[in-house]
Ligand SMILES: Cc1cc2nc3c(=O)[nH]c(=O)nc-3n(C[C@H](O)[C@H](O)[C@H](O)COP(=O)(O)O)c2cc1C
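Only one chain is shown below, in structure tokens, and it's the form predicted alone.
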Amino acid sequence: MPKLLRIDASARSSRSLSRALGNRFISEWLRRNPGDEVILRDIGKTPPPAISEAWIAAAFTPPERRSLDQAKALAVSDDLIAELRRADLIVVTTPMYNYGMPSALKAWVDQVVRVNETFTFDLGRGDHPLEPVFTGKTMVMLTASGEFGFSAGGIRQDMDHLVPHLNTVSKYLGVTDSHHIGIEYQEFDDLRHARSVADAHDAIPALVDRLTAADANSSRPVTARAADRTNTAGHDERLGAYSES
């Protein structure tokens, strides 16, 4: 049966808009696929450690030559990669902080994108020496941001360093099919925000249907940022330029 890996990156819990999208997605998925396994990794509440010089040295040391301390340095990474390896579908729920990803999500990415584990490196490949180890996975990005207009043609189309970053590194997570649903306008707390939340939630059942359908095998990234609808969920604290709850 397919296995889902849910990554929650928001620093908030009950008032998090991105977590609420994740709850809706998982609920819709399990309603259609009740036997599927969901692996939950809450990095918003328990962030992975940032990589260090010792971590890098351990990662580039062959396993048979690693010291006990080096093995310990990679223990968290090993656990996170094991979860990733098992997953067929990766569901990332995340706010946009300061136009990019939360530090916890960046730490998770750095822990799992690891030489000889999720990618190989060979200069014999010329100018493209990195190749992913995994393939065939699907990623769903469920996001929330304080401002708006990040899609192509929007007034902030060049300011989104969250979704493009995730799409770039997703290759080394084994992702060949990615999809995005996002909430906007939170800082404005107006009708546009309310509509954006509602639109995002309304888009989830159709996406789940597409992913569970036999012909849902497109490899092109799909961005469906809900630009106009939301419930009246609580406001989030401002983190730098803007944030999400």
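Start at 1 and count along the sequence shown; that's the residue number. Nothing here was measured: the structure is a model prediction, and the numbers come from that model.
Keep in mind that the form predicted together with the ligand is missing from the display, and what follows is about it.
| field | Interface residue in the predicted complex among 91, 105, 87, 96, criterion: non-hydrogen atom within 4.5 angstroms of the ligand | value | Looking at 91, 105, 87, 96 one by one, just 96 meets the 4.5 Å heavy-atom criterion.
| field | residue 12: touches the ligand in the predicted complex, heavy atom cutoff 4.5 angstroms | value | Answer yes; at least one heavy atom of residue 12 falls within 4.5 Å of the ligand in the predicted complex.
| request: Report yes if any heavy atom of residue 117 sits within 4.5 Å of a heavy atom of the ligand in the predicted complex; otherwise report no. | output: Because no heavy atom of residue 117 falls inside 4.5 Å of the ligand in the predicted complex, the answer is no.
| said: Please tell me whether any heavy atom belonging to residue 186 falls inside 4.5 Å of a heavy atom of the ligand, as the geometry stands in the predicted complex. | reply: Judged by the heavy-atom cut-off of 4.5 Å, residue 186 is in contact with the ligand in the predicted complex.
| Candidate stretches 137-145, 105-113, 169-177, 119-127, one within 4.5 Å of the ligand in the predicted complex by heavy atom | One stretch meets the cut-off, namely 137-145.
| Which residues from 1-24 come close to the ligand in the predicted complex, meaning a heavy atom within 4.5 Å? | The stretch 1-24, when checked against the ligand in the predicted complex, contributes 10, 12, 15, 16, 17, 18, 19 at the 4.5 Å heavy-atom cut-off.
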